[in-house]
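The same protein chain appears twice below, in two forms, each given on its own as structure tokens and labelled structure 1 and structure 2.
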Structure 1
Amino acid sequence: MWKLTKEGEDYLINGFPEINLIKQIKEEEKLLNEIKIDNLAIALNWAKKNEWIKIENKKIILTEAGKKALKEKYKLNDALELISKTGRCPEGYLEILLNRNLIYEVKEIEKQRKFKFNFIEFIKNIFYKKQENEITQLLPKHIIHGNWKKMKFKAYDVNAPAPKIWPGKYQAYLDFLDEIKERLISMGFVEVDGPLVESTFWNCDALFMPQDHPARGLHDIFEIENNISAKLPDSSVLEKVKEEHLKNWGGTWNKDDASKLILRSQTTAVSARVLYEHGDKPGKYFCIGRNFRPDVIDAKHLIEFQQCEGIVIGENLTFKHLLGYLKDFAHAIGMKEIKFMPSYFPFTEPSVEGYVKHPKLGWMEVLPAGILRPEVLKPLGIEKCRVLAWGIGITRLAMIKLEIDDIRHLFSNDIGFLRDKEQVIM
């Protein structure tokens, strides 16, 4: 199979130089310097070879053969046209066209490669040229020249498979947490944050957890090995916290124990800090933050997880209001049925556990809450206001909402899972 070289294509469009030459000379004689065509040297060479011209005294004169050639179609031009349409070369022209570097051969291998690597180009070359009034790929030239008006569109099959692609997406669990945040902000809550490396003072002591409480041990809290200890708040707070501990728990209270550095094991530590900094005046705050606890890592447990911590500070707040927030929260996550059961947390009294009814899984305990104990509030300087608080294990809710049964998927490192997990709409 033959194709035109760039030069060949040029000749097909703009004409052979020797033809252009004799067209300029016509009946007259012309001085060499009067002739204005591209490729003059080539033109003179081939016009002489064809015996179309004679040169005398710097003048070019057409021969009889030249005059005849002017009236007839040029055979080489016909040959080029055929090749460009069919790839076939008429007999007798092959050698001269090859010599003049106007055509070249397309090998079978190259044809295959074209087919493999450029399917659209192949369709253009073969089908488009065979059936000129059918459009496969719509091209700018069709639109600019208006050719499409005279052409048909090749029928496509919308059921043919398309390559799979994925959009850039929020991580599904973080997307869920964003939804929760927006909901809390719309309820008037201010987002707060606290240090991930925390002192046991804020993580435990300020929350009325006795120093010999089992949940303060190495089995429940990650300790920092760097041989450093925390700077504690000013001594008046320390003294008051110590006093509450000694009065209610007995035993001893050790400052060194309180300044031990750990990885935060509950976001309630952030609430304690906020209460201390914010003081005895109304406000609503929330924190969705990471916590760390030594545990086995399996489908139900992680050693690193988020909690959704909220506090409402105000005078005349009551237990009824706390239940109101829990109910509202349950509704926000699409759980219409809620019931309340007594519960226990060291830093709240009364304490409550909110159960929501899942259509498939039944009653689930997901909303632990309570009114912060005076033993917690007084040392932090809160005496006038009451404080409603909750610390929701948001991982559990996320699993329900995202319909996953392995908690490790919340921190998934599987790109396939991340790509395929749908976005949350609440």
Structure 2
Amino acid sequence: MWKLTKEGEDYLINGFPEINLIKQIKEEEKLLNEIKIDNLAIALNWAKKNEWIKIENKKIILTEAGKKALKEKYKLNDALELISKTGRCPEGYLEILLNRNLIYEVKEIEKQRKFKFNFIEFIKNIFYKKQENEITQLLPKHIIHGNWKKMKFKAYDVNAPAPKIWPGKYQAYLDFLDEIKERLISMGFVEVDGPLVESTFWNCDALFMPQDHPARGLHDIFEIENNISAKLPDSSVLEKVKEEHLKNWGGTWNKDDASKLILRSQTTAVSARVLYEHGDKPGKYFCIGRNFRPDVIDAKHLIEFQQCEGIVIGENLTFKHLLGYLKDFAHAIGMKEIKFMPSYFPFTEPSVEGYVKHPKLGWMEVLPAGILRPEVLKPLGIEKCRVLAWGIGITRLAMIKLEIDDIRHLFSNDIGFLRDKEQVIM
């Protein structure tokens, strides 16, 4: 049996965000800031995934598929209606509705009451009168007047239910992050940090991401709307970065674009700053910090998430060293099943994606890593050493460790959930 969550009930009554979005557009295009609906980020992502819209120059354009969807009834809405009425989920819709946290499973447990007849207690109640002076609590007035000497106190029943007392403890997710920090520090890493409002130079340009890279578009980075430019490093570094971009990517490189302020989309920006400050010297550094990306909010995704960034600087480092670090880290926090697959990132070569297995959600990508490219290192003054780097999805690791199947529970203010969730024991 299945039931609708509060979010599912809201969608059933007020409509899905992506449907409300295309209803607002109506014509073939509309400016993004003209859209006034709840859950805009969710609406944009699902409408784009359904190929109902395309976005060009901050204008939302309704596609032919979107026009067709306006005329038809949304199948996901039909699925919610069926579940609301019958508790049954139509075939083919279970996974997507669970991932969007619109339904939950209901299990009914029958409780049987057993009647116990106590013959001795029955006889006592008939033949023995309850003492009139029997009391369960000794009060100050009993002591002052001396009445307690004539009173009979009721026997204390150690099996009687008592109110549960909840001792104070650390929030489970914060405790998990502290354990991660302790593990990395014990492995010789030094903790570093950087600003949440970052320049596109450190977030993208210094990491060899071309200025026309798709990740700089509307759906991957939050831009700060103001006329303030970020403070950039000295001109010699800018020229070296510009030279690498023009030589390898072609096109143009604009200093004004590099000085735009954004919400940090990856803690690799912190690694770039560390490499620039510390130069060509061996070392091991890590950062656990918040990042922000427009995304579809579901059981595995939020627009705000945390990464555990790590870099190892040294001579004669190899790809096998990188895999060894990732395995040691995963095993140290209790991840038993891990596998690696080739991947691609603009700033590393070779690159790898590490997967660990969640007992309910299956394989999850949480260990993206690689060796930083010379095009990243040389402009920052590193020519002798190699640099191993990773940006671990620490929130997803926490889901596995804490046996949570919805990422939103990590930030829950549900006091019952917080009380029941045990602390992390590495």
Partner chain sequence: MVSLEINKTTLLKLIGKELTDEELIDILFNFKCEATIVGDSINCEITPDRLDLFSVEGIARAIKQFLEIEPGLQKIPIMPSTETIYVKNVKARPHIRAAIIRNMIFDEAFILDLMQIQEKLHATIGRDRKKVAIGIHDISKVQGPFTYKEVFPNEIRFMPLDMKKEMNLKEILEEHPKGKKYANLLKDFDIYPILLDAKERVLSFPPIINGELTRVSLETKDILIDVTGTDEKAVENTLNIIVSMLSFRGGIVEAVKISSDDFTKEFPSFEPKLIKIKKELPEMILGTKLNLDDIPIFLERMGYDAAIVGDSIEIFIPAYRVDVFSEMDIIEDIAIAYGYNNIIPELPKLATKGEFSKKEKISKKIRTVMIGFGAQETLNFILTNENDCYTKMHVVPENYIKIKNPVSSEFNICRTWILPSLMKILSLNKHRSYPQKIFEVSDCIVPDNTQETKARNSRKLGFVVCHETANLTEMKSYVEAFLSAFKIKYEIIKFEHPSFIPTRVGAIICNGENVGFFGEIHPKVLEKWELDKPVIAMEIDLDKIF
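In this text, rigid core is short for the largest set of C-alphas that superpose within 1.5 Å between two forms. Here, residue number means position along structure 1's sequence, counting from 1. Note that the coordinates shown come from a computational prediction; the quantities given were computed from them, not determined experimentally.
Two forms of the same chain are shown on their own. Structure 1 is the form predicted together with its partner chain. With the core held fixed, the Cα of W52 is displaced between the two structures by 2 Å or more. Comparing the forms between the two structures, the C-alpha position of S84 differs by 2 angstroms or more, with the core used for superposition. If you fit the rigid core between the two structures, you'll see the Cα of A398 move by less than 2 angstroms. Comparison between the two structures places the CA of L361 5.6 angstrom away from its other position, after core fitting. Core-based superposition between the two structures puts the Cα shift at K68 at 116.3 Å.
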